[in-house]
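The chain below stands alone, shown as C-alpha cells; this is the form predicted on its own.
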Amino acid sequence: MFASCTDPAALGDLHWLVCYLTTAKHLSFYASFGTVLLLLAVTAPAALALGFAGAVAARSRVLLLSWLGKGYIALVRGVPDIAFFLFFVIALDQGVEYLRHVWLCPDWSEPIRQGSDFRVCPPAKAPLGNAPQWVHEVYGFALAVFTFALVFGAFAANVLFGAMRAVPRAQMETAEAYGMTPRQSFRRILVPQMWVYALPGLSNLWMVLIKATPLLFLLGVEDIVYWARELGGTKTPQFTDYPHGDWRMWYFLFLLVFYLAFTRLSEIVLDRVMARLTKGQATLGGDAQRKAAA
C-alpha cells in the first residue's frame, strides 16, 4: 500500500480506488492467479503421465495389469468429481497421518478414532502443528495437485486408451512384418500416431481442468474464488479501512473474463498443436491439410 493511503477517509474517489486495489488482501488475490496457473502447470503433465500409464496398463496382455488399468478408469470416472475431491483429500490426509502415527508413536495407547474425531500423536501430524504457515499451504496445495492429477488422469487414460485402439491395426502388422518387436512398434508406430486421435479428447479435458480449478476453494486452498468472495462481500469498518457494499458481482465478472480469455488462448494453442501433429499423417486432419494446400 502507498504511504498516501494511510487515511482513506481523506482520499478522492480515484485515489481511494487505487489504494483499495493495492491492499495486502488484494495482493493475495492477485497472487492467487499464480496459484491457479501453477496448479494447471503441475497437474496437466502429472495427469497425462498417470493417464498414459493407465492406458498402457488397460491394454496390457497381463490380466492383472489390464484389470488395474480398467478399474482405475472406471472407478474414478464413475464418481462425481466434487464427491471424490471432498472424500479423497480427507482420506489421503488421514492416511498419511495414520502411517506416521504407527511409525513414530508405536506405544500410543489411546484410540485414534474417538467418535467423529481423528486423533494421532502430535509428532505424527502432517504437517506439524508448529510448522510455519507456508509449510501448511504447500502441503495443502500438494494434496490438491495429487487429487486433481488422479481424477483427470483417469479421464486422460480413457482418452489415450481409445486413441491407441484407433491407430489402424494394419500399421502395427506392417511394423511386425519389418521385424520390429512389440516394444519397438509400440514406441515407434503406436505412440507417435495415437496423439492425433487423442488430442481432441485431451483438448476437451484441458478445458474441463481449467473450469475445475475453483474446486481448490473446497480443498481449503485460498484461490481466486476464495478471494473474490471475501473481497467482494460487504465490508465494514471493523473488517477493513475500505468499507463497501456487495461487490461480489464485479469480482466474479472479472473471474469470468479471466477464464474466457484463458480458454480462448488455450484453443488457439491447441489448434496449432493439432495442425502440427496432423501434418503428413494419414488421418482426416492430415487429408484436409493436403487438399487445402492443393
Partner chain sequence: MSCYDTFIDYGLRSIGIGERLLPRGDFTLCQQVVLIGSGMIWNIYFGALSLVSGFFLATALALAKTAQTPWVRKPAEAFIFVFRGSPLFIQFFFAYFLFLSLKQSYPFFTPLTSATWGALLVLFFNTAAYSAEIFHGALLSVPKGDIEAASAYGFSPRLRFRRIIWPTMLRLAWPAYTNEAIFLFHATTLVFFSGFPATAQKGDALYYANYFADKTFNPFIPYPILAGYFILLTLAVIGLFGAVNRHLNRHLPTAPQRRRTGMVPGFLR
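Quantities reported herein were computed from a predicted structural model and do not represent experimental measurements. Positions refer to the first chain, counted from 1. Think of the rigid core as the biggest set of C-alphas that the two forms share within 1.5 Å after superposition.
The next section is about a form of this same protein that is not shown, the form predicted in complex with the partner chain.
Worksheet entry | Contact test in the model of the complex: Leu255 vs the partner chain, heavy atoms, 4.5 Å | Yes, Leu255 sits close enough to the partner chain in the model of the complex that at least one of its heavy atoms falls within 4.5 Å.
Worksheet item: Is there a heavy atom of Leu205 lying 4.5 Å or less from a heavy atom of the partner chain in the model of the complex?
Response: The answer is yes: Leu205 has a heavy atom within 4.5 Å of the partner chain.
Worksheet entry | Residue contact check: Ala58 to the partner chain in the model of the complex, 4.5 Å heavy atom | Yes, Ala58 is a contact residue.
Worksheet entry | 4.5 Å heavy atom contact, Ile268 and the partner chain in the model of the complex | Judged by the heavy-atom cut-off of 4.5 Å, Ile268 is well away from the partner chain in the model of the complex.
Item to complete: Using heavy atoms only and a 4.5 Å cut-off, determine which of Thr147, Ser185, Asn158, Gln193 is in contact with the partner chain in the model of the complex.
Response: That would be Asn158.
Fill in: Contacting member of Ala166, Leu99, Met180, Val79, with respect to the partner chain in the model of the complex [4.5 Å, heavy atom]
By the 4.5 Å heavy-atom cutoff, the listed residue in contact is Val79.
Item to complete: Using the arrangement in the model of the complex, list in sequence order the residues of 259-273 with any heavy atom within 4.5 angstroms of the partner chain.
Response: Tyr259, Leu260, Thr263, Arg264, Glu267 sit within 4.5 Å of the partner.
Fill in: Flag for Trp195, CA shift 2 Å or larger between the shown form and the other one after aligning core
It does not reach a 2 Å shift.
Fill in: Yes/no, Arg113 Cα shift of 2 Å or more between the shown form and the other one with rigid core fixed
Yes, its C-alpha moves 2 Å or more.
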